[in-house]
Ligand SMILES: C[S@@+](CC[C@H](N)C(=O)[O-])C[C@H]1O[C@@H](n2cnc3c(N)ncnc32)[C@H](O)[C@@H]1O
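Starting off, we have a lone chain in the form predicted alone, written out as structure tokens.
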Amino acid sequence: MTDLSERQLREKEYYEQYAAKFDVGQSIDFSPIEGPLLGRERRPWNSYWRTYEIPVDYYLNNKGNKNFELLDLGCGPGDNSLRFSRIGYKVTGFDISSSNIENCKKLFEKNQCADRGHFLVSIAEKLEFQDASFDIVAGIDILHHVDIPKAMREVERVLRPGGIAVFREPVEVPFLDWIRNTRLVRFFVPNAASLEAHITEDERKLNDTDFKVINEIFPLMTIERSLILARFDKFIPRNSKSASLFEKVDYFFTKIIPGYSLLGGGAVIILKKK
């Protein structure tokens, strides 16, 4: 791996600590994959489910090619990679943390699918893969940790023609974020860097400038925004696996109220390489 910047060194240190807290023996929830894959359930209003649903549909629409290769951009401890492999993809994942990579390998071995995953230590800004290596690139809550122009040029480089990239990311909503960052709100709902809240010192939400940069690299770009009323889900006790009523209401309102989606604090970014 190339020399790291000060920001990357801080991210690496943070995720080495985060990796130490990950339990490779835990049960992984495959419902976001199995729901659309087996025709049981879809949740287009949930940005995380939607980020899994798109690779599922891409796989099925291309006749379930068993040789399809997916790159998990910033794979973390491997739970997302494991879900992508369950679809049928051969998964390659990388992370800045060597401990996270060890977790990935252990997780795939535990789930008896070590042959479906390959993992290495790397950074998003300089991928160690040849041009046109992957059919699909996926990333969940990763772009707001990296240098977006450099990382997106690398994503475009390693994608095969006709391939897609899909990312789930937090997004700036200036007025609502101003309220979120007032002293009173931060007192009740802290948002400082912490392992417990999974917030690093240098991360930031994506903004319109970031979207413009991404769109210059990928002219074929679609953005699906959500998380408006659903911001309040964190204050309502419920089964974590059950569907959110607020998310459903948000999804309905985005269909009938012009501009409502612009209040969304989460986004699924879908890109296609010509």
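Note that the structure is predicted; figures quoted are calculated from it, not measured. A residue's number is simply how far along the shown sequence it sits, counting from 1.
One more form of this protein, predicted together with this ligand, exists but is not displayed; see below.
Participant: Given this ligand in the predicted complex, answer whether the residues Asp29, Ser85 and Val137 all have a heavy atom inside 4.5 Å of it.
Facilitator: The answer is no; none of Asp29, Ser85 and Val137 reaches this ligand.
Participant: Of these, Glu156, Glu102, Asp79, Asp177, which has a heavy atom no more than 4.5 Å from this ligand in the predicted complex?
Facilitator: Selected option: Asp79.
Participant: Examine Tyr15 and determine whether its closest non-hydrogen atom to this ligand in the predicted complex is within 4.5 angstroms.
Facilitator: Contact check for Tyr15: yes, within 4.5 Å of this ligand in the predicted complex.
Participant: Should Ile148 be counted as a contact of this ligand in the predicted complex, where contact means heavy atoms within 4.5 Å?
Facilitator: Answer no; every heavy atom of Ile148 is more than 4.5 Å from this ligand in the predicted complex.
Participant: Is there a non-hydrogen atom of Phe94 within 4.5 angstroms of a non-hydrogen atom of this ligand in the predicted complex?
Facilitator: Flag for Phe94 set to yes.
Participant: Is His198 close enough to touch this ligand in the predicted complex, meaning at least one heavy atom pair within 4.5 Å?
Facilitator: Taking the distances in the predicted complex, the answer for His198 is yes, it comes within 4.5 Å of this ligand.
Participant: Pick from 177-185, 139-147, 85-93, 111-119: which stretch has non-hydrogen atoms within 4.5 Å of this ligand in the predicted complex?
Facilitator: This holds for exactly one stretch, 139-147.
Participant: Across 101-133, which residues bring a heavy atom to within 4.5 Å of this ligand in the predicted complex?
Facilitator: Sequence-ordered list: Ser122, Ile123, Ala124, Glu125.
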